[in-house]
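Below you'll find only one chain, the form predicted alone, shown as structure tokens.
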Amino acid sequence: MRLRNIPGAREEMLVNPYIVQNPERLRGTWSAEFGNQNPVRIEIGMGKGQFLLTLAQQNPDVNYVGIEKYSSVLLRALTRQEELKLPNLRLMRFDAETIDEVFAEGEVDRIYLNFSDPWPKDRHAKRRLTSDRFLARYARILAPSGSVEFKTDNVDLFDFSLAEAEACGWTLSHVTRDLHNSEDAAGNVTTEYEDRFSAAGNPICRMVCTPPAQRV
């Protein structure tokens, strides 16, 4: 059975208390949702949730929002959250195309993009989560000191992402084409895909970028 086709997954998303319904209603009020003023960090395309669940456990003074557009994939993260009941984690089934309708200007401290769909055909480049149009959305919702952290094993996508960020005036830092053998390896939290690709001998690329001071 394909992971995206688990029967009943979509229905579970509609009733489970750990899934945020109609997230647009929380735009500008995420601090109230969590009941504190801690920074809000989001992962777009969280998959089964290994990365974000680990971060939420390690950092109780940070609020996390996991975003995944496929119900049956998100269901795997939801199952783990039901066991852990982490108070600083929210999940939602959502398409990042309209991410700035869910978070207000300056409301997000950090955005994680991990092993995003590379959309390898040139005509689909705008769908990549590191394309200029997505970077413009991120710039609107990030706090002045906010950043995007991106990891992939796809070299072509990494090159594209570096070029897009530079062309859009973003500042690049922590750029590596072999994360697990770099100085940033010690604090790295892995994803399911990352474990799989690394075990297969694929170097992991990573970059951190911050938006220009002038917002779009």
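The structure presented is a predicted model; accordingly, all values stated were derived computationally and were not measured. Numbering starts at 1 and follows the sequence shown.
In what follows, reference is made to the form predicted in complex with S-adenosylmethionine (SAM), a form of this protein that is not presented.
Novice: Is Met46 one of the residues lying within 4.5 Å of S-adenosylmethionine (SAM) in the predicted complex, judged by heavy atom distances?
Specialist: Residue-level check for Met46: yes, a contact with S-adenosylmethionine (SAM).
Novice: Given that the partner is absent here, does Val73 sit within 4.5 Å of S-adenosylmethionine (SAM) in the predicted complex, heavy atoms only?
Specialist: Within the cut-off, so yes.
Novice: Within 4.5 Å, heavy atoms only: does Asn114 come near S-adenosylmethionine (SAM) in the predicted complex?
Specialist: Asn114: yes, in contact with S-adenosylmethionine (SAM) in the predicted complex.
Novice: Should Glu24 be counted as a contact of S-adenosylmethionine (SAM) in the predicted complex, where contact means heavy atoms within 4.5 Å?
Specialist: Outside the cut-off, so no.
Novice: Out of the stretches listed (36 to 44, 181 to 189, 165 to 173, 53 to 61), which one is close to S-adenosylmethionine (SAM) in the predicted complex, meaning heavy atoms within 4.5 Å?
Specialist: Residues of 36 to 44 come within 4.5 Å of the partner.
Novice: Please determine whether each residue of Glu68, Leu129 and Tyr193 possesses a non-hydrogen atom within 4.5 angstroms of S-adenosylmethionine (SAM) in the predicted complex.
Specialist: Yes: each residue has a heavy atom within 4.5 Å of the partner.
Novice: S-adenosylmethionine (SAM) isn't shown here, but in the predicted complex which of Glu105, Asp95, Glu101, Glu82 has a heavy atom within 4.5 Å of it?
Specialist: Result of the distance check: Asp95.
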